[in-house]
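This document contains two forms of one protein chain, each encoded as structure tokens and listed individually as structure 1 and structure 2.
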Structure 1
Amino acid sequence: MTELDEATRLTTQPAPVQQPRRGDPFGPLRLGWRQLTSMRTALLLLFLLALASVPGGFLPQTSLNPIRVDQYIREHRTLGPLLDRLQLFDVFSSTWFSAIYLLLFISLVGCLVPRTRLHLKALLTKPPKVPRSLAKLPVSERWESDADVDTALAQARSALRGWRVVRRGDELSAEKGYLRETGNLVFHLSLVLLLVGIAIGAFRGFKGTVLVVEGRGFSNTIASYDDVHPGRRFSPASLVPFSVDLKDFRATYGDDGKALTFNADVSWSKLGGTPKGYDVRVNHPLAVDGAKLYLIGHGYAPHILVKDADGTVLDDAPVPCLPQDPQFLSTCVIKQPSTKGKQVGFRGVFTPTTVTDEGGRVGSAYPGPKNPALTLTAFVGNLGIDSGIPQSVYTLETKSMTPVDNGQARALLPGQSWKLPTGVTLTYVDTREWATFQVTQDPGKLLALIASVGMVAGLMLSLFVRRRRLWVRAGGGPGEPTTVQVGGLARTDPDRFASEFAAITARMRE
């Protein structure tokens, strides 16, 4: 490297990949490592990462919506299974996606370590010596001064406030903008920290969802949840002990049926603690120590009363129905295996604002409960619950059952009953609502947040701070006027540096 090169090398960016010496037993390894940590490879991996994410942005993903994935596979008989085998429905946990980002991060660390070392060295060493010819630099100026060399240099130095300046003989070397590389390193280091934070969350975190009807509750234990997603290294002992009761759920809608607000009025307590009230809303979760409780869904649960032929109460509880459209037409299933006679089952829809079209089909015109009705078809026979095959509470297996009234549906208003030929009576008592809650514990969250702040801060420094160097040489024999030469160099934004340079030299000449 020539002297000018050395002085004007304003970057700690690594040099291009060089061939290793011949006869080096680790030559191929060394070359491979240098290739991996080269900027070109990193760039390629970066583009690969973007490309690999594209199918995740278009195809349904199991982690988001397993039902849509199944539907997609069913609808595309040849393509579906092929895409599935290529893990295209699980892009972000796929082998190939993981391989790309792991390689990228290895390349990043491999680049970060030497650059940090170089930068630390640069921070500790003084600005480089003045190049022989200052006139060759992008900006330079030369003038004669009446002051002697020392005074001229002192004046030059005072014009360089905020710069790191070192005097060697009759020369000044000055540098500014070290924070650019510091910011760059902080940004990339934060990326690594972010990945660690995400990994901690994925391994030690927990997510569970549970459906709760008004007046009921649950406690934060694995068994309470309808659906759990524990991390691979999650320990159930780390679940924060607390319980929640849903006192009241309210949804309000505009005249056009668009939802305006959702409120879940809950009472919660830690193990052995006194219960406290909280209003869980969208964007307003309940936080208990490291756990957070979110309101993620809602629906209707008509309260029904089932009596056997002899008047024994078999069931007196709300039945959660699953919403099917924006107007909350919801499907309901009621099973009653404990009858003395044949088992009974009901299947139908709940409609909060019931309307009937010309064909007699029931629908809902509004999501709020303006005119609720429960329209059911009844079946008698064998529910198949005892067959050993697991069944969902939301589906009715009618293979061994016969429909009542030839499958004619009957609409019940609140308070109305339906007596089946077997003597069993079903009463639609009133309407309650249910809410689904999600409880999340993510121990890596704070680290991810800190890393994100580091990313933005580092990024701003690395993009907006400009690194530049400036040199001054003063000379002249006794009796002669002093000649002052100044030269400067900036890697980025040369126009701005030129005007900065002009302002500095003007101050030096004052």
Structure 2
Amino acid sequence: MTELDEATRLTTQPAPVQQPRRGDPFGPLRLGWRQLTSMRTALLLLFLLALASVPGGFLPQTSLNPIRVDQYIREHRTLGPLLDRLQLFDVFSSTWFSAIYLLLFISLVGCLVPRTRLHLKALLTKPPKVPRSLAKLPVSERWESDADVDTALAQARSALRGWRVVRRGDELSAEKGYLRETGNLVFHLSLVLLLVGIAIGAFRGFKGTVLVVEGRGFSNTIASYDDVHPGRRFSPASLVPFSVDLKDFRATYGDDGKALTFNADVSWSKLGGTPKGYDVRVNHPLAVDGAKLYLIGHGYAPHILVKDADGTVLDDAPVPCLPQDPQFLSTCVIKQPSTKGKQVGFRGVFTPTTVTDEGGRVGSAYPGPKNPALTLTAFVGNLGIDSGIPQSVYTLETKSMTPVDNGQARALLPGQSWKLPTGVTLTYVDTREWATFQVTQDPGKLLALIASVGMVAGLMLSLFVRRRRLWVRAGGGPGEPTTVQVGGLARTDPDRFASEFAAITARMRE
């Protein structure tokens, strides 16, 4: 590297890697490592990571709403299973997303370590010597002064107030704007910290989803959740002890059926504490000692009363129904294995605003409960619950069952009943609502917040601070006027630096 090249180098970027020498067995490995740890590769991987995140915003995710994922797969019987195999319903914990994430982390660390070392070395190193020819620099000026060399250099140093200045004989070397490189490094170091914070949340964090019907509640324990996603290093003992009861859920809709508001009125308390009220809304979670309770879904739960032939109450509880379309046409299953005769099962369709087409099929015209109805198909026989094979509460196996009334469905309004030939009576009492909550604990969020602030601060420094250097050389014999030469360069914004250079040289000549 020539003297001029060394003086005008205004970057912490390592020198370009040389092609491996012939016969060097480790040359390709070193070349591959330098390519992986280059800033260009880091930016490419960052772009790929952002691109890989896009499906997570358009497709339902298992970690947020497993019910919608199941519904999507049922509605798209060809595309749904294919997307599931590609892990597009669990994007942020998929194998391919984790691979890009890990490569980005390695690339950033490998890129920042040499840059940080070079920047620290530059901070501790004096400004470089004056190049031999200042006229070759982007901006330069030359004039003669009646002052002697020492006076001319003292005047130049005074004009460079705020710069880091070093005098070597009859020459001055000055530089300014090191915070630009510092900001660049702070930004990328903060990005690494952000990745670390996200990784800590993935390893030690927790997500649990639970469906709660109005009037019921749950405790923050693993057994209470319908779906859990603990980190690989998560300990159940780290769960924040608290309990939540859903007192009331309210949803409002526009005339076109578009959802307007969702409000879950809950009562919560810490272990042994006094219950407190809270209104959980979208983007307005309940926070308890580092844990957050989010409202992520809702639906209807018809209150069902089932009596045996002798009047014994077999069941008296709401049955959650799963929404199938934007108008909240919902499906549910009712199983009753405790009858004294044959076991009974029902497949139901709940419609909050019930309408019937010309073919006799029921549907919902509005998501609000303006005309609720429960349409049921009954079966008697063996539910298969005692076979030892696990069954979903949302499916009904009818292989060993006989349909009632030849499978003819019956619609029930609130308060109406249906008595089966076996003597079992089912009554649709009233309509309640349910809400799906997700509880999250993310121990890496504080680190992620600090990293985000660092990224903003570093970006501001790298955008608004300009790195530049300036050199002064003075000379002249006894009885001769002093010749002053000044030259400089900036890494960015040369036009603005030209104006600054003109102002500095004007002060030097005063």
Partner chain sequence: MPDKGLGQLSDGLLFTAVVVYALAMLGYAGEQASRKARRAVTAVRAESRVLLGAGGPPVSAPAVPVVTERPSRAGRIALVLTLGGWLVHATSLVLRGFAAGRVPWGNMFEFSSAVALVAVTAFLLLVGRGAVERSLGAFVMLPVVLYLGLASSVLYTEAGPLVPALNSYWIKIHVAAAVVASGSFLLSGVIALLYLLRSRYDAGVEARKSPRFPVSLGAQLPSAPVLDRVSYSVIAFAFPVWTFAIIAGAIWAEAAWGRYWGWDPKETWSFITWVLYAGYLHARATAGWKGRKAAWVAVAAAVALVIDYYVVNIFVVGLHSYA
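Numbering for residues begins at 1 and runs along the sequence of structure 1. Only the largest set of C-alpha atoms that superpose within 1.5 Å between the two forms is called the rigid core. In this text the structure is predicted, and so the values were computed from the model without any measurement.
Note on provenance: structure 2 matches the form predicted on its own. The hinge separating the two rigid parts that rotate between structure 1 and structure 2 falls at Leu179, chosen from Ser38, Leu179, Gln343, Gln61. Two rigid parts move between structure 1 and structure 2, and the turn of the smaller against the larger, rounded to whole degrees, is 14°. For Arg85, the displacement of the CA atom between structure 1 and structure 2, after superposition on the rigid core, amounts to 8.2 Å.
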